[in-house]
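Take a look at this single chain in structure tokens; it is the form predicted alone.
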Amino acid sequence: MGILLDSASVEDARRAQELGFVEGITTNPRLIAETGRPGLDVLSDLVEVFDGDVFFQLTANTVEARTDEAWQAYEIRPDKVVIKVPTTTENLAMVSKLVPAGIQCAMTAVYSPAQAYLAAQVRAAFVIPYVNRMKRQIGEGAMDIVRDMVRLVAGSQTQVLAASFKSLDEVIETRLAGVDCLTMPLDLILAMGNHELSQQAIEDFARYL
């Protein structure tokens, strides 16, 4: 995977589908809540309008309830749904049982290399660090932690999928740190392909037409 859309909006999903280079959609409880609709209903709509994988985050209060929630989400579209699981030792143990059953899982809210290493041990498909939040909460060493995550999962079935971006500078800094998969809001995706000097050049060329 490369660029993913971070949104629970069906309209955003349709626009991302039209772009052609967006490979998946990530959602989270806040984004789902903003729709004002039940999470599984939103998930059902997203997998219908978008061709790639759609990530759905578990929110139930117990391991047993989260396991049931994971199966409910997965069964909506087994070929498209990836289950996002907040990273704790308890949840890693749960994922170690979900993955052999055929459910793709992504460990989210990953803040340490040790968590990333354990995620690879349970064969999670992705680990998701929050870049902007880490920089605000941890400071200058945040990107070093992300680089360590990339090194620790290299050669395994687990990929680093970075989230929580507030600027294009953060997006590019994270890619240069070795992260191949990046999820961001639609406005940042659209901004990536534009630059004021590109527009100026286009306008200059137009004078000769």
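Residue numbers run from 1 along the displayed sequence. Since the structure is predicted, the reported quantities are computational estimates derived from the model, not experimental observations.
Separately, the form predicted together with a small molecule exists; it is not shown, and the next lines address it.
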Quiz item: Can any non-hydrogen atom of Y130 be found within 4.5 angstroms of the small molecule in the predicted bound form?
Solution: yes
Exercise. Please check if Q159 has a heavy atom lying within 4.5 Å of any heavy atom of the small molecule in the predicted bound form.
Key: no
Quiz prompt | Heavy atom of T67 within 4.5 Å of the small molecule in the predicted bound form | solution = no
Quiz item: Hey, in the predicted bound form, does T174 get a heavy atom within 4.5 angstroms of the small molecule?
Solution: no
Quiz item: For the chain seen here without its partner, which of 40 to 48, 58 to 66, 139 to 147, 164 to 172 has a heavy atom within 4.5 Å of the small molecule in the predicted bound form?
Solution: 164 to 172
